[in-house]
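One chain is shown next in structure tokens, namely the form predicted alone.
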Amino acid sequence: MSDTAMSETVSFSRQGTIGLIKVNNPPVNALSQSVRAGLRDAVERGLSEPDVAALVLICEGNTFIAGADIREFATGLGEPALVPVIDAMETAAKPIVAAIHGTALGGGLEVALGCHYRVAVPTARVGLPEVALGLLPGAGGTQRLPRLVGAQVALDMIVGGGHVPAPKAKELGIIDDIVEGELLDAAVTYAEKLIAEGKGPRPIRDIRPEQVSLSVFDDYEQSIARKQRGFLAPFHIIKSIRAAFELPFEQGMAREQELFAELMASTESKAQQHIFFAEREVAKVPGLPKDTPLRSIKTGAVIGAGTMGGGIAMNFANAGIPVKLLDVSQESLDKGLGIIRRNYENTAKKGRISQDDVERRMALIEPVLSYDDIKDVDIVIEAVFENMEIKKEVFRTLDATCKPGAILATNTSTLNVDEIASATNRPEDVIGMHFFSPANVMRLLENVRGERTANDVIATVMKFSKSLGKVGALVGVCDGFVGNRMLHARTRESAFLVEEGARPEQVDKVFYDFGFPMGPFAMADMAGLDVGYKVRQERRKAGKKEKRDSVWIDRIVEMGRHGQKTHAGIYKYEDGRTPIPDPEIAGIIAQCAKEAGIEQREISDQEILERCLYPMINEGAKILEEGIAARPLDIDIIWINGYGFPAYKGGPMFWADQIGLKTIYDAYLKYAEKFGEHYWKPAPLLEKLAKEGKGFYG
């Protein structure tokens, strides 16, 4: 019998006594309104035909249903809702078999759990990753999955949001059988076998959850409290799974719906959904033709075997790309390779990679001492000391050595990429690739297009970023690019605030309470105060002097206190890690304030928040005006992935829209009256949008 359309995305046909429900909604068979309606109608059709003994649900294309159609979150979910569709499947009088390939994720797995049996190909994966969107599974996932796998596994799967391979899913009881060969034929055979053996429907709702001590949920909540601080979804998920063990199924479903609705209405979920879409959009460069050709990157080189260079080399090895690590001495190379090996060994000890993986990756990193050894590589990333003359000398040598068409990248975090490119005869091949420390861990890659960087170099590096497992964001050339330029504004004000009377630990607590993993002073101590000191010295030498120059941190560095590595910086570190306020530092700060003619005072937490975060927003507005960043989402992605801005606030520009640009503009006018306009002049874009009652996102 030919296929009969139940909707534009779902069809029904028969193969003997087995009814076939086929979903075809490219690219990932998302659960749009058309799919939901089609599933409902196809199930009704299968149940109404007396000679249909069982049903098989299968999907066309590369995957099973891979989740909800997230676009509907903004426009509203049309009828029918997913919950009654799944209920109709689960309560059907004929057995329904889900045939899974690709991924069954989110609502896709919830649909499969609404079926009575599940078979999958060996390469399939299942999961409930809604937590990444600030949500919980809203169609029975928190009620059905625990009935199959128990409380602990359900908590790990749903709070963690990870994907489970089919063999593991079978072991856990989520999947009934792994099938080889043609999935449709195997699923039909499985359904026919069920009928032959007299097996009927098997609703998960009828399974009694295992008995479990309710302390499991309290303990789990406590175990994630620090890591998931500020997020709502993980804790709502725990409450919802708990309901599966405390309440009858229907009441548990009602509790799940109640908690789901709370999350859907939350600012945290809206922020996480914004980040979800922004991370996909950031890879698309406005104005760059989609058909821009790409250069081939099969081999690479990194200049400098220090902490940053070694971390960058690890990214190549992790992606399976051979990389040459060049330094001036064998001693430096040996030290760098030793650190790389220790990093890999530590990862292996945690069970994240095997010992074979360690050796395989180490074998991809070749230490070399001569530029001649890297002349044939496809891309070179320079990671030497942050000094313009040193970098220009490196690029002169690369220009003379590397093959035509090789991409020449600099890892500079602040210096002018165009000036670096001017040291070569091929500025079109030069681009910035600003990795964040530790380079083998941090997801962000701030790619900096120079004035003459070729389109194919930009397109290649943006795609290459993804190959390295990074989130690449393209920015333009300016002092500090996007991230560090905004950070400079924040750092300046935090130093001023301490000089005026705030305590370093007070400022750090305001940041921590906002959602950052740590405050600016604890972070500075961890990074090493001497690093920032050298940058400030370079800026002063270059004539980049601040109107108000706060020097109290410089005084601390000059005492030999460089942060955690010297067990003393802005804080003391008796155990090497825990910051302890130091009265001696309070005295130095007071002395510096006195010398600068500043009368110290009590400063509120709200003033700290406004004076540190609002200048970031104002700088972001200037960055957008100047075209350094093409879109506010580029700024948000940079700050989420590179600087610890809390994801549940959506990034600085999204957060600014949430609190209102007029709030920030009015604060600017207030502080301009108090401190003068030099640091408190609103950006024209901020002023314009505030007066129009608009935000960066419209």
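Note that residue numbering follows the sequence shown and begins at 1. Only a predicted model underlies this, so the values are computations on that prediction, with no experimental measurement involved.
Only in words, not in the display: the form predicted together with a small molecule, which the text now covers.
Chemist: Looking at the partner-bound form in the predicted complex, is residue 70 within 4.5 Å of the small molecule by any heavy atom?
Modeler: Residue 70 belongs to the contact set for the small molecule.
Chemist: Does the small molecule come within 4.5 Å of any heavy atom of residue 667 in the predicted complex?
Modeler: It does not: once the small molecule is placed as it appears in the predicted complex, residue 667 has no heavy atom within 4.5 Å of it.
Chemist: Whether residue 396 contacts the small molecule in the predicted complex should be assessed with a 4.5 Å heavy atom distance threshold; does it?
Modeler: The answer is no: residue 396 has no heavy atom within 4.5 Å of the small molecule.
Chemist: Even though the partner isn't displayed, in the predicted complex is residue 66 close enough to the small molecule, meaning a heavy atom within 4.5 Å?
Modeler: Because a heavy atom of residue 66 falls inside 4.5 Å of the small molecule in the predicted complex, the answer is yes.
Chemist: Looking at heavy atoms inside 4.5 Å, which stretch does the small molecule contact in the predicted complex, given the options 501 to 509, 313 to 321, 275 to 283, 149 to 157?
Modeler: Going by heavy atoms within 4.5 Å, the stretch is 275 to 283.
Chemist: Which of these residues, 114, 432, 106, 563, gets a heavy atom within 4.5 Å of the small molecule in the predicted complex?
Modeler: By the 4.5 Å heavy-atom cutoff, the listed residue in contact is 106.
Chemist: Can you pick the one in 54, 30, 661, 647 that has a heavy atom within 4.5 Å of the small molecule in the predicted complex?
Modeler: That would be 30.
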